[in-house]
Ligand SMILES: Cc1ncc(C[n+]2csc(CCOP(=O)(O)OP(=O)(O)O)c2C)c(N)n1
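In the block that follows, a single chain appears as structure tokens, in the form predicted alone.
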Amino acid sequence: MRTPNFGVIPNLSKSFSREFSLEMFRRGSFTRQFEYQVKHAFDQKIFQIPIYLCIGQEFNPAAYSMVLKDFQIFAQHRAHGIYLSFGAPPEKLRDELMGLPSGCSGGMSGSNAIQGPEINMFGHSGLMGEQVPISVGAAMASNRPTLTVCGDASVEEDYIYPSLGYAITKKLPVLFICEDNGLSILTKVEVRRNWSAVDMARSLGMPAIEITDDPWLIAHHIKEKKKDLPGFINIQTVRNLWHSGTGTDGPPEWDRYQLVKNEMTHLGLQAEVEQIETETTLQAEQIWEKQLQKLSAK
């Protein structure tokens, strides 16, 4: 059952420091504001490539980045938030979306296969879920801790199961995360299959858990899982906009951004949250204005 409270541990946020919660909120807020700037540019037809925005699930990558250090990163197409939260240059992502040679993939990838060598984030060709077997190979070759993120449609691809099976057989240091919005574009998961990703991972002998997209809950379970890899986490999450593009199909199942703001208020951090939102909004606007001014001057 999909719910914003699935697996929630009461008062868990209070076990994290004030500094942790504020920095996590800053990262999620900046991603959100950056994505709104992308949406605005797309709607103004400044570029017209397919885009995959993570508005609604900004705090997933914010939580990952707070507790995973020095991991190789292999992400799915909806990965702007991962790129930004881990600290790769936002200007390079902006330029990539605009098809410029100064982009993070030389302007050749667009939105769906971005990379960031500054944060050890590796791209791929865009084939759905192919980052999973690639990440397993990279972990085997390097023996470095590796974060692999895919979607709930990707786990249905036939090369995913042997990749997870090989990781558990060889005891590779890979943390697999499925960001599960319950949709393959618009087809609901119950129409597509009669099994769960968590059960699939467990059947291969891999420790696995399913939770909702509460960022403190995510951080808590990642800290536990990374002690003994490989492991699998299925995160029930919500995208607010279309699979690709900037439209909507109605109100989201839940609004995690507002729920996080509510929790920050309960932690006594409302004033700080308001200041962060102001700062990240201005920062994102300035990043995009600089490039748009250059283009208009040509």
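Remember, it's a predicted structure, so these values are computed and weren't measured experimentally. Position 1 is the first residue in the sequence shown; the rest follow in order.
Form predicted together with the ligand: not shown, discussed below.
Under a 4.5 angstroms non-hydrogen atom cutoff, the ligand in the model of the complex lacks K225 among its neighbouring residues. Within this chain, K92 is remote from the site of the ligand in the model of the complex, having no heavy atom within 4.5 Å.
The ligand in the model of the complex is not approached by S109, whose heavy atoms all lie more than 4.5 angstroms from it.
Contact check for T146: no non-hydrogen atom falls within 4.5 Å of the ligand in the model of the complex.
Taking L183, I209, L204, L100 one by one, only a single residue has any non-hydrogen atom within 4.5 Å of the ligand in the model of the complex, and it is L183. With the partner omitted here, the stretch from 216 to 224, 153 to 161, 195 to 203, 137 to 145 that lies within 4.5 Å of the ligand by heavy atoms in the model of the complex is 153 to 161. In the model of the complex, the ligand lies beyond 4.5 angstroms of every heavy atom of every residue of 83 to 107.
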